[in-house]
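Just the one chain here, the form predicted on its own, laid out as structure tokens.
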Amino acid sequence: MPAISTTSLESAHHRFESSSTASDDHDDSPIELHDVSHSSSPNRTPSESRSSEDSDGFVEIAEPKKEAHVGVDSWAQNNGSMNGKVWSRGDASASSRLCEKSSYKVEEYPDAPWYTSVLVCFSYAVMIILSKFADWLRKKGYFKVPKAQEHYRQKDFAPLKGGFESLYLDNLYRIACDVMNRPLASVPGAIMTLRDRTTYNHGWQFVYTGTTSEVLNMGSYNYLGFSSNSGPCADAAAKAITADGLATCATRHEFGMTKIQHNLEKYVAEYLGTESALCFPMGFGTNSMNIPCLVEKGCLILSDELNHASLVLGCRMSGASIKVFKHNNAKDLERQIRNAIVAGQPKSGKPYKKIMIIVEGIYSMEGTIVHLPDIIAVKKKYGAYLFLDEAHSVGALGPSGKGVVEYWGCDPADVDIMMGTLTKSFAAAGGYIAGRKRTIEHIRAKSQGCCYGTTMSAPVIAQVSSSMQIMLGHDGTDEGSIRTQRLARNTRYFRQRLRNMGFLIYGHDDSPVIPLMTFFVTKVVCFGRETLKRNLGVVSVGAPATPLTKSRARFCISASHTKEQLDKALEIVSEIGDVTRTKYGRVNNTEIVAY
């Protein structure tokens, strides 16, 4: 088939549209491209399943109503979604309405004052100049430091490291690494124990003091509060060790598949509302090992600019062409797809075999929630596949914690590949891939993770199975619903209180990932040290996890946090905000935020 020219763009659209009627199922081979618009709800009309188009053929992305931040009592009044769906609760009580969507704003990136941005750049310039001078002094032998160095006989070899990365690690990161990689001595529950350590040579080496400290944990991904060494999940994991041991010592294809993992995969499929699912022992590998078996050379990947490193690695390993679109921007995504269809494959100009869109449910450094209805509308219009990474959103969003698909009221069949981790909300390890049975069977046969990776450990499977059955209500209680409601309440309460204190907060109201912007890397390091002195554990984040000029302290809210713990954390954060002068927003002392 010849390449698509600019003048034949409309015919290309017709080709993608008509391809949906040619088959009732996806062909899971990485060769053919099929539209999946048939997977939408059968009760929808074509006009309901697709956004309206403007005169240029672009999907019209409706602008949400701009609303001021309000108290917790009015969350249920702001639960409208841009695709016209709401979580209707009828006459339910206020507590049962906690999981309804709050108002969704397109842009949730408040900017710092212009002079703050200038000062951040200036501070980095000073630190880099001093770092270069320090490197020169060490190279000349004026300073002796206990760092790993190449042998003097190998000085003519190609350096193992160098450039800005080496400069950053040996200087900026080193003096701040006391706020990173803190060793735990307990389970990461609401209260956790840290091993105390100190350094006597400015961060080159650390030694343990032999003491421990109890801190309020606001940094772990324990969204549903299942991280515990007691209770039904811990008991099930302990029993699994006795019954099934610790490891299968084999791959899935070679005597490694177990009955308990088969049952776990059925629970995952039931929980997500999909036909089938596969589970893997590592979340990072779930992305990096499975994307290459879904797309290949001659295919096109559209990736959000803030996608996780595991997604980036998987895309690169696939050999497909990669185009990056602006974060959570469906219009830019469609523009990229249109341009790619016009241009065709690089060099040859042939049409792409397959187009795959890759997004996340909640972005772990921004706290933003993907606007899934708009992404699905673009996906359907151009016959693309959709890969959704729900590492941070499964368990954390939706009335029953089923993730961003349930949160937006979308049809799970509209998402071709649903990926998530079992590390966070379910307090275990590993990841899953869920979707149509035919797709899962293709992955089962072709994925490197299935061919070469071992199956999950029995106690890990037991932990996930037990927690997931609680969320499904199979334990005969409403504990799962209680946890999702408490997480929603804690999230909105903590976010709104931080805003009222005058902090600049990234992300959407329903996201339990809450980045507090400090912008200065020096301030975020100070923030981390001062919170630890007051027995509060937070995550201090800087480059390369964020842009150089957008350092931040990140809070992760859990269903296990009590209001008293949240209030204590807020009191500490407000005090440190005054010390570090990081309250860049507008203070609102008049509004009382209900819990």
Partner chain sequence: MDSVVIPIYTTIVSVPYYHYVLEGLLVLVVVFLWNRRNRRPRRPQLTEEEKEELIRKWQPEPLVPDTPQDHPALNPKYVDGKMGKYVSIEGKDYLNLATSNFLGLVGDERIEEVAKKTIYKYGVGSCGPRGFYGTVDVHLDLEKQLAEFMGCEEAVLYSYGFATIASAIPAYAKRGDIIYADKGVNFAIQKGLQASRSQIEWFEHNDMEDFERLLKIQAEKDLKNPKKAKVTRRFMVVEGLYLNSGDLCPLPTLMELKWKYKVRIFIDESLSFGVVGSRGRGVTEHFGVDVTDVDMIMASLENAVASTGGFCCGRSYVVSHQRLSGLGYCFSASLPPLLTTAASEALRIMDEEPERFDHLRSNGRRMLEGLRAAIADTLFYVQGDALSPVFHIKYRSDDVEEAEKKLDALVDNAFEKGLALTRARYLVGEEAFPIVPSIRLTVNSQLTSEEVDKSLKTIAEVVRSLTKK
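Residue numbers count along the first chain shown, from 1. Fair warning: this is a prediction, and the values are worked out from it, not measured in the lab.
Beyond the structure shown, there is the form predicted in complex with its partner chain, which is absent from this document and is the topic of what follows.
Do all of 112, 128 and 207 end up near its partner chain in the predicted bound form, with near meaning a heavy atom within 4.5 Å? No residue of the spot touches its partner chain in the predicted bound form.
Is the gap between residue 354 and its partner chain in the predicted bound form 4.5 Å or less for some heavy atom pair? Yes, residue 354 is a contact residue.
Taking the shortest heavy atom distance, is residue 397 within 4.5 Å of its partner chain in the predicted bound form? No, residue 397 stays farther than 4.5 Å from its partner chain in the predicted bound form.
When the contact criterion is heavy atoms within 4.5 Å, does residue 244 count as touching its partner chain in the predicted bound form? Contact with its partner chain, yes.
Is residue 486 near its partner chain? Define near as a heavy atom within 4.5 Å, in the predicted bound form. Contact check for residue 486: no, nothing within 4.5 Å of its partner chain in the predicted bound form.
Heavy atoms within 4.5 Å of its partner chain in the predicted bound form: which of the stretches 419-427, 406-414, 473-481, 369-377 has them? Of the options, only 419-427 has residues within 4.5 Å of the partner.
Of 499, 446, 327, 323, which residue is found within 4.5 angstroms of its partner chain in the predicted bound form when only non-hydrogen atoms are counted? That would be 446.
Give me the residue from 196, 270, 235, 214 that has a heavy atom within 4.5 Å of its partner chain in the predicted bound form. Contact residue from the list: 235.
Where, within 279-295, is there a heavy atom within 4.5 Å of its partner chain in the predicted bound form? Residue list please. Read in sequence order, the residues that approach its partner chain (within 4.5 Å, in the predicted bound form) are 281, 282, 284, 289, 294.
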